[in-house]
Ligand code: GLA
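Below you will find one chain, with nothing else, as structure tokens; this is the form predicted alone, and questions on how it binds or moves follow later.
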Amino acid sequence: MGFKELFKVDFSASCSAHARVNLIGEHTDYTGGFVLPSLLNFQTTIQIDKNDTKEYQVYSENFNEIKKFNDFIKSKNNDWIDYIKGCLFVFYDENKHIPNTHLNVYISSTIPMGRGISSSSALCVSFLKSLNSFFNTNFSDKHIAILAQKVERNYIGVSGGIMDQMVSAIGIHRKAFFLDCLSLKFELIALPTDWVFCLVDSAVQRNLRESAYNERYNQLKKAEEYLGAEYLGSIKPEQFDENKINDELILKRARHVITENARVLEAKECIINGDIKSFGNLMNESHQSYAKDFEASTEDVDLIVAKSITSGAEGARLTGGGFGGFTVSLIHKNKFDEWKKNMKKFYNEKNIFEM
């Protein structure tokens, strides 16, 4: 069923946004640090047009259901429609001169949900871009990303940074998106053509609201208080005075972020200089830090990472917010067929995705 078949009219605006994989740099975004994501082929597409009813009509292919509403009050059960309501709330708040215009909205997506590759950010970015096009508001892609973050933080209530929204709004395929999350300055860096990044879906479903994501956010803010720093991202490893933190748990969380920031900066230079083997080593160090100091991995995920390396990957790590989702591995093209053959002994081929 398409837009015209469902709503009996053609859509007048449509935009898409892609999922992302974070190559390295976890929980460094909202602590004012650095990240290095890249786009995936998975995408969400939104089609919209106004309607003559007195309510919004939103159809999701994934859920095969239509939702109707005429206010922007968040649901009590964390429904998928909240992301659409949140985008409308933030968009109209930013454009108070635009009258409330009831719309037909059609959502189609190939992005696996709840797997740590930012399906929610792609949904928000694609819908806000569609509204931007429909109402001719001329917002830049960077501003779209800022609005999308407002939706997730202020409306949905997930204490994430701006990495996902920025790369989804601005990123380019086969380029690493290096982002300074404090200044929002970014660089697009070509990825090496003789190496492959490949994802494995752990099939561990996660939900940021139900997971320990917000708990980790609060722990890192506590670490900033201990260290007297506005952002952990401003502290280099050699400046890190562990004696200032008398809580072992908070210390571990801070150590992950401070060392992770240094790894992202080093990883960026590795790509620029073509030192991809060192990049792989940094991915391995990142996973160990994420699993042990940040305690964001699971036994299943750790096993995928270990099997990936023994199967021929140069580096492998959990990617995304943690607590399940995807791993990302770096494999030389000459070793890729053998790596995939080995991994298929343990994991279903449908859970293995080449970037």
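Keep in mind that this is a model prediction, so the values were computed, not measured. So that there is no doubt, residue numbering starts at 1 and follows the sequence shown.
Quick note: we don't show the form predicted together with the ligand, though the next part is all about it.
Only one of 38 to 46, 56 to 64, 318 to 326, 302 to 310 lies within 4.5 Å of the ligand in the predicted bound form by heavy atoms, and it is 318 to 326. Mapping the unseen interface onto this chain, Pro192 falls outside it, with no heavy atom inside 4.5 Å of the ligand in the predicted bound form. By the criterion of a heavy atom within 4.5 Å, Phe89 is excluded from the residues contacting the ligand in the predicted bound form. Interface membership of His27, defined by any non-hydrogen atom within 4.5 Å of the ligand in the predicted bound form, is confirmed. Using a 4.5 angstroms limit between non-hydrogen atoms, Gly233 is distant from the ligand in the predicted bound form. With the partner removed from view, the residue among Ala267, Val151, Ile258, Met163 that has a non-hydrogen atom within 4.5 Å of the ligand in the predicted bound form turns out to be Met163. Though the ligand is absent from this view, in the predicted bound form it lies within 4.5 Å of a heavy atom of just one residue from Tyr155, Tyr213, Phe139, Phe186, which is Tyr213.
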